[in-house]
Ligand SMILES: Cc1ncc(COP(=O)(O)O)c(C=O)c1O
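Quick setup: one chain, the form predicted alone, written in structure tokens, and binding and motion questions come after.
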């Protein structure tokens, strides 16, 4: 991975372990935005058709990243919360309907379902603490359950879900399956067809190494017409560009969820970032992150009082690593780590580290040495 280090010319002394929050951009993404800015200065929107070609490449990269059937299944959205809202407020609900979620969800994947309470929808929260969290989620699905919503990876603990098992279970139970993929997409392979999910969404600013303000929404094609649209405009029309046409209908593709002018600036950055991930290869990205988490597990175990709060079983681990040190307040430890250049964040029961493929063994060793020093 050393040949990709030039893509991340970060400040001297900085150890960036916060990709599960907001990632640094690769150099190529900054260059793409700089070129786009200069175009806007020098020629305005003269080359807008070329910009749309970049947007189409982004859709195709996202299609491959999710293994969606077609690029027309990809909607470019503002963020995960917007996409979740498209699902929650697009479906037809009846009083007494239930949504099953876990008790560890990030607020985005909890509040949107709780907001359905005025429609009589009940949210069932399931503990993931047992040996079979997928079994517990599926067991909570009763005759009134309409949808199961889960994060592919839990944001605080780093628990990785068996999405294939959940997808198969939801099919058998005739329950819709919605996956918040923000903590997996870009850090490990993800496959909407293999896990049989009906909906999946993620922001670009975490593991995809892109900017805030641009994300992806996948909706199984046959379900698109079932989601009532909440936003309308010129861009979501089947005959987009025919400005004098009196009759109209929503686009048959996922563009029906994109009501207005696209975020071209964000597109330039995210398309370049995903180009880097494709160049590395998602399997290689995943293996590099796994190796760094192995190193963190080994290192924290060697620190007196070190406690690991993330899963240890390989099939349950992701890029999120949570730990604490006995006798040390985790909020205070986080501040001390930040003061020494280790960019991380307090989450759940401790401090959360989240390295990416390029982070490297040396950076992990340096971070562990700082933790050891601060734990004395």
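Positions refer to the first chain, counted from 1. Since the model is a prediction, treat every value here as computed from it, not as a measurement.
Form predicted together with this ligand: not shown, discussed below.
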- Query: Wondering, does residue 206 line up within 4.5 Å of this ligand in the predicted complex on heavy atoms?
  - Reply: yes
- Query: residue 108: heavy atom within 4.5 Å of this ligand in the predicted complex?
  - Reply: yes
- Query: Hey, in the predicted complex, is residue 157 touching this ligand, heavy atoms inside 4.5 Å?
  - Reply: no
- Message: Is it the case that residue 98, even though its partner is missing from this view, gets within 4.5 Å of this ligand in the predicted complex, heavy atoms only?
- Response: no
- Query: Looking at 273, 292, 151, 267, which has any heavy atom no more than 4.5 Å from this ligand in the predicted complex?
  - Reply: 151
- Query: Of 168, 85, 79, 72, which residue is found within 4.5 angstroms of this ligand in the predicted complex when only non-hydrogen atoms are counted?
  - Reply: 79
- Tell me which of 257 to 265, 176 to 184, 89 to 97, 298 to 306 has residues with heavy atoms within 4.5 angstroms of this ligand in the predicted complex? 176 to 184
